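The form predicted on its own is given below as one chain in structure tokens.
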Amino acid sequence: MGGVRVLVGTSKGGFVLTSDDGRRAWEVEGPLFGGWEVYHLAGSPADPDRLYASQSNGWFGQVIQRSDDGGATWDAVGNDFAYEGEPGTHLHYDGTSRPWELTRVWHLEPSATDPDTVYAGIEDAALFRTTDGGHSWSELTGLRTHETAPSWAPGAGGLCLHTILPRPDDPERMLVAISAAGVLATDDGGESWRLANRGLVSDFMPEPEAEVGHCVHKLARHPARPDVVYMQKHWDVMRSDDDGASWHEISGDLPTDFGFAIDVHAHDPETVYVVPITSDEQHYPPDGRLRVYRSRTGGHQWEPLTDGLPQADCYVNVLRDCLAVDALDPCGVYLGTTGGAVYVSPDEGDHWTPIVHDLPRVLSVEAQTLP
């Protein structure tokens, strides 16, 4: 097995971190697109040299960048994101109607089999797809025209579609998560959608068990068991054993069940990682101690992983796309913080070391295992 490439998006540019399979010595390249927000850097599972970047700027808008040489050079490809059909409205925080506005691309999900096919999750919540390597994008309108869409309201980070989970055994089936609408599922490649929120309870909502309106922060699943999906939501860590048809809580003995990030071990679908945050108002670790929690039983029983992480006076946050794993053996785990640090554990979370300090605010972390 080869080494690993870690793709890091930050508020002021992108960074590419590379190492051999020992994951102890690292080369750091960047900043790429210095000064621009890079919401997500994503690698193609079908071609390790193909990378995509969601680059945005308040003055110049949204740009998709593509690299065909592992990040050495980049080309700006299509940025023709435009809502199709009738624009419609959705709800704002105060319950008033607001027109749909295309603000940024939050998340890029390249196809597992075709490097030219990529899905993009948008704010305000919509799903786009390219099949020509990013040169042109089209909206999958069935999502934004779902009958519940007028009732969707933004979470604190905006009305963002931040998670896209195609099934590895059937790419026509996928789950998406929207803050703050919840989870929706499709069986026909995005033509039609159904709600997938049964079992979610959100006490901050007027109707805590309503079909729509839940603030889901992140979803994760293991390709070997695609029916099992894990969720970190706005309070509660959840699990589904039927591909999102129903959910049950697995927060167990966590010190707090609020957080943003969640991911699954590369080789064991019952090993799950989360990063608890104090509360929805206090976006920093409990007691100022940065701890990743691991469950080896698919939830309920959790252990803190602290060796090498700051355990005093640490008040950073870990955002939804800032926890990642590689496919090496033993599995590596990666963590990015709003304080600009990226940590690696080359031994499944037991021990941590910083790869870099003092980057801009980290918005996304993704690990690519290299051949």
Partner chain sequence: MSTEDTLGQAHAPPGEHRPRAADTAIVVRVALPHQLRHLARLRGEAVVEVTPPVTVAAVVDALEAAHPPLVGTLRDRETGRRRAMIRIYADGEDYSNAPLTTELPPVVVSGREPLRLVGSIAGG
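Computed from a prediction, not measured in an experiment: that's the story for all the values here. Residue numbers count along the first chain shown, from 1.
There is another form of this protein, the form predicted in complex with the partner chain, and it is not shown here; the text below is about that form.
- Proximity of Gln311 to the partner chain in the model of the complex: non-hydrogen atoms within 4.5 Å are absent; the residue sits far from the partner.
- Taking the partner from the other structure, the partner chain in the model of the complex has no heavy atom within 4.5 Å of any heavy atom of Thr306.
- Although the partner is absent here, Ser67 is not a contact residue: none of its heavy atoms lies within 4.5 angstroms of the partner chain in the model of the complex.
- The partner chain is not drawn, but in the model of the complex it has no heavy atom within 4.5 Å of Tyr343.
- You can rule out all but one of 145-153, 73-81, 225-233, 191-199: in the model of the complex, only 73-81 has residues with a heavy atom within 4.5 Å of the partner chain.
- The partner is not shown here, and in the model of the complex the stretch 154-190 never reaches within 4.5 angstroms of the partner chain through any heavy atom.
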